[in-house]
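Only one chain comes next, encoded as structure tokens, the form predicted alone.
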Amino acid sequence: MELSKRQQQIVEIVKNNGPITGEHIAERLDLTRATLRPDLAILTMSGILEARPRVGYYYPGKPKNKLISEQLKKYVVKDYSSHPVVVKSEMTVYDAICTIFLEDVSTLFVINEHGDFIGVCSRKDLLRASMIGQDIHTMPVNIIMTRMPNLNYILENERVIYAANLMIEKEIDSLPIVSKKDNGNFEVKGRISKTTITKIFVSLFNE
């Protein structure tokens, strides 16, 4: 976030004199308290300054990367969900190959006839299946998919930072976002990818 000249002056005053009231900041800049109110709101909402009732404004001394880290911890995956590509377990490997390229994704999420999330089929899985010499026009994806308990997924209300750590740890490009069903199984509600998380991270630096 690029600060205006006046906002930079406010930060320096608070650094050198904090805690300090809004009235005293206004006096030093020869401005009214009402004039400064929008700037003080921006600085406190962004975490650059903090304020306490009857005490005033003070500088928390946190570098920008610390502020970004704290902001990332607040983000929930369901708010950054994209459309998942879900296929039935009886879909053939050939049709799955067509789907994964037409949808331009790295992973297909597989469900059974009840809509339960039961597997993941990646580009590598499909490539491997096409090279083993069997008929991919009749082979179902449930033969080659990864199944429970080896599936990686994330619940709707979990944090984006946890999804990022899981993708790094497992060396995968995306995760299904799931919710628990009454039968104890999971339903696929969305997906979150490394690309989405990268966009979030870059947007924080560009604010």
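Note that residue numbering begins at 1 and tracks the sequence as displayed. This is a predicted model, so every value here is computed, not measured.
FYI, the form predicted together with ligand ADP isn't displayed, but the following is about it.
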Review point. At the 4.5 Å heavy atom threshold, is residue 110 in contact with ligand ADP in the model of the complex?
Key: no
Check your understanding: Contact between residue 123 and ligand ADP in the model of the complex at 4.5 Å, heavy atoms?
Key -> yes
Exercise for review: Give a yes/no on whether residue 40 approaches ligand ADP to within 4.5 Å in the model of the complex, heavy atoms considered.
Suggested key: no
Review point. Do residue 171 and ligand ADP share at least one heavy atom pair within 4.5 Å in the model of the complex?
Key: yes
Exercise for review: Considering ligand ADP in the model of the complex, find the one stretch among 134-142, 175-183, 23-31, 43-51 with heavy atoms no farther than 4.5 Å from it.
Suggested key: 175-183
Exercise for review: Scan 146, 157, 165, 35 and let me know which has any heavy atom within 4.5 Å of ligand ADP in the model of the complex.
Suggested key: 146
